Ligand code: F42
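Presented as structure tokens, the chain that follows is alone, the form predicted alone.
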Amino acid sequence: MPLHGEYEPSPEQWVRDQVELYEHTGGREANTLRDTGLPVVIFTTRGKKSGKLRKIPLMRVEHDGAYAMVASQGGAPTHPVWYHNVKANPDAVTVQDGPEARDGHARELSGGERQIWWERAVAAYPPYGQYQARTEREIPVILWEPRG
């Protein structure tokens, strides 16, 4: 069951446009990252401070029904805002990979499990490796798993 509440679109126009078109077409359109041709999925989180729903397209890194959320922010020195939302509300995260959104639970990975998913993420989107080289922080990998 998708999350309920007031939705606050991203301040970034391209993100707002992509999310709207993805949802409107059930993922048939706007399902790749800009001009890369690489697939994305839409995650919905609950804002840590506002409590409002936030939607973000992230690279599609899926394995056996679980999805990685890579908090790269292009190798910036700080984590993206959505990372803090997920950490504050790990049970308020849905993923839409196609027409339906699904509920799940999110948790940050570490150690060998993180390494396995990091390798999957870099295979799905090679720039992640470059992003890690740009920053001193270890880029977090959050694992979304379906409920039940």
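Throughout, we count residues from 1 along the sequence that is shown. All of these numbers come straight from a predicted model, not from anything done at the bench.
Although not depicted, the form predicted together with the ligand is the subject of the following passage.
Using a 4.5 angstroms limit between non-hydrogen atoms, residue 104 is distant from the ligand in the predicted complex. Using a 4.5 Å cutoff between non-hydrogen atoms, residue 15 counts as a contact of the ligand in the predicted complex. Mapping the unseen interface onto this chain, residue 48 counts among the residues with a heavy atom inside 4.5 Å of the ligand in the predicted complex. In the predicted complex, at least one heavy atom of residue 81 sits within 4.5 Å of a heavy atom of the ligand. Each of 40, 59 and 71 places at least one heavy atom within 4.5 Å of the ligand in the predicted complex. With the partner omitted here, the residue from 122, 116, 109, 33 that has a non-hydrogen atom within 4.5 angstroms of the ligand in the predicted complex is 33.
Within 4.5 angstroms of the ligand in the predicted complex, the stretch 84-102 places a non-hydrogen atom from 85 alone.
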